[in-house]
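Next up: a single chain in structure tokens, the form predicted on its own.
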């Protein structure tokens, strides 16, 4: 039992959840390493959603609602951390949900799909094609998903796939705590925030947009601003820590 008054309570609960999902085969062991790397960057931004991240999350909500065919791409870590939020976001935006894995086996795809469905997510199934020009299994996509998408939300993404999607004309939204990663730098819109904080914010904004029926065409935005702001916040916090 992890006591709720523990200063690292939320972090420890997330680690526990990932550990259990790794033992069940939903999360790869490599995925645990990736989570630890992200958590280190979360320390640097103060484990909170910054003002610039909130702006990015509002833009993301609008992009998903305005999309003709939005797709949410889910890997093992995203499934373990945010299945319920994915279900809610899908319900609001009408997005398709596609399981896409680097360490891919049909057994693991099935486990993740079943887990998501148990949380209320409608998961794409059917034919899979090698759609992206990549030499690994993240090239594989369900024919009714990413190949037909105009907007793709890819949390916790591999940089090469993000770059390939952008080059194929997709509007890629990513959630990535590392503003220096290739994913963060390649995406059309980068949300520098922790997944379980970012998704509820996107959901909240999406609900507001739908309730008020006030979707508007997205004005031009510079993704560099969100990356630079995150880096500036980290530098400021590090400087303060040394004072």
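Positions refer to the first chain, counted from 1. Note that this is a predicted model, so its numbers are computed, not measured.
The same protein also exists as the form predicted together with a further copy of the same chain; that form is not shown, yet it is the one meant from here on.
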query: If contact means any heavy atom within 4.5 Å, which of 52-60, 193-201, 39-47, 65-73 contacts a further copy of the same chain in the model of the complex?
result: 39-47
Three-residue site 102, 181 and 224 fully in contact with a further copy of the same chain in the model of the complex at 4.5 Å by heavy atom: yes
message: in the model of the complex, does residue 170 come within 4.5 Å of a further copy of the same chain, counting heavy atoms only?
response: no
- request: Mark residue 15 yes when one of its heavy atoms lies within 4.5 Å of a heavy atom of a further copy of the same chain in the model of the complex, and no otherwise.
  value: yes
task: Consider residue 135 of the chain shown here, and say whether it contacts a further copy of the same chain in the model of the complex, taking contact as heavy atoms within 4.5 Å.
output: yes
- prompt: Does the 4.5 Å heavy atom contact test between residue 188 and a further copy of the same chain in the model of the complex come out positive?
  reply: no
query: Since the partner is left out here, which residues of 23-41 would have a heavy atom within 4.5 Å of a further copy of the same chain in the model of the complex?
result: 23, 29, 30, 32, 33, 34, 35, 36, 37, 39, 40, 41
